[in-house]
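This document starts with one chain, in the form predicted alone, laid out as structure tokens.
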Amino acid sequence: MVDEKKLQDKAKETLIRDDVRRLIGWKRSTYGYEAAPAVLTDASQADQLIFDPTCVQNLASFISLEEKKPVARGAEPDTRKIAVMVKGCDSRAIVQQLVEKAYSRDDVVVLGIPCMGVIDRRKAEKLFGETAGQVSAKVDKEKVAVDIEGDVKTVDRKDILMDKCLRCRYPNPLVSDFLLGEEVEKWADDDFADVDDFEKMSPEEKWKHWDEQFSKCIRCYSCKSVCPMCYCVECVVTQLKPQWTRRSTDISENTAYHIQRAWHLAGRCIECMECQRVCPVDIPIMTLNRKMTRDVKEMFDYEPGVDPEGEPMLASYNPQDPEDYIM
């Protein structure tokens, strides 16, 4: 587990640096099973910071979504760094953003946190019900102890952690300037059993499944807004000239929207599950993304977000490619 005092001390040390303008971390939320993101600008705020299994959000999303305000005439742009706290899966987003040149390595200070898993809010609500109280949690190799306003309940890890944690290959940050804790062992290798189960379905069964799921979509764009890899200044799904996807929420347009996102994330999705976590109608979005992830791995031997010195899959090529598919 991470020592929160050391975490807060490192945050203070980072925030007083002249070359850092803000730090993004987690703080205890006022209610519920998830901590809240915290954007700090002063070292005196560092005592708010925490890390435990309620720290679910992928804070790497905040780096590329930062608003770029116009610089006043005669003023210089603020080029100071952003500091961000990341878990292992979050760090993959930073690696992939760096690979895609979303920003440079000199623009960020990465505070890495080894992670043994985070709580799935929906699983917790099924186990304990919804809560309006503050929640904290501790995790070890077998159990998670959930403290709901002083009432501690202990459950098996597999019953309450997010699915991504149960198959996490990278619990330790792949890129960091400071590591805030001892490295931990990975839970298990990912055998893509969920993708295997989906692929066993017939085409008719698959269409019935997605017809039911996409019909629920209200096109709130939460999945797009929270995704650390959806940082385009103008997204193709919201363009008006030309308009590739209409705003109506019928099954045709919803299907087009979700397939466009899946294709856009091919070779880029780092499997943080933020899209599925925030979906208000519980669409299993990661089924599409993980199908693409496995295909990319098998066909191109490429895994996004693991090599800071790598290249984007669709921006690289092999001169020895025989190109048999070209007539």
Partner chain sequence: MGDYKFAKDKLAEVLSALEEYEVFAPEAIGDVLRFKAVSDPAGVNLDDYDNTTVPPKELMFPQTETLFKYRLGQTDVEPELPDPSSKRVVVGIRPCDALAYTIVDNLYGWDFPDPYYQKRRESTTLVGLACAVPCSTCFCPSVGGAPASEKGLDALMFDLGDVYYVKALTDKGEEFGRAAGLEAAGDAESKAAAKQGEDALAKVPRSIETTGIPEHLPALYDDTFWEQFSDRCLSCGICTFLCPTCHCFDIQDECESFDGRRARMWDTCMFAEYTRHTSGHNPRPTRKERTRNRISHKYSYFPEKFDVIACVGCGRCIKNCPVNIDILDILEKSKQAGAKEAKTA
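Numbering follows the first chain given and starts at 1. In this text the structure is predicted, and so the values were computed from the model without any measurement.
Absent from the display: the form predicted in complex with its partner chain. The rest refers to it.
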Site test, Lys126, Val226 and Leu240 vs its partner chain in the predicted bound form, non-hydrogen atom cutoff 4.5 Å
yes
Interface segment, criterion being heavy atoms within 4.5 Å of its partner chain in the predicted bound form, picked from 243-251, 88-96, 74-82, 178-186:
243-251
Which of Arg219, Lys158, Lys138, Arg169 has a heavy atom within 4.5 Å of its partner chain in the predicted bound form?
Arg219
Answer option from Asp191, Glu142, Glu130, Asp151, heavy atom within 4.5 Å of its partner chain in the predicted bound form
Glu130
Should Glu34 be counted as a contact of its partner chain in the predicted bound form, where contact means heavy atoms within 4.5 Å?
yes
Tell me, yes or no, whether Asp106 is in contact with its partner chain in the predicted bound form, where a contact means a heavy atom of each within 4.5 Å.
no
Do Thr30 and its partner chain share at least one heavy atom pair within 4.5 Å in the predicted bound form?
yes
With the partner left out here, check for me: in the predicted bound form, does some heavy atom of Gln276 sit within 4.5 Å of its partner chain?
no
Does anything in 264-284 come within 4.5 Å of its partner chain in the predicted bound form by heavy atoms, and if so which residues, in order?
Arg277, Val278, Pro280, Val281, Asp282
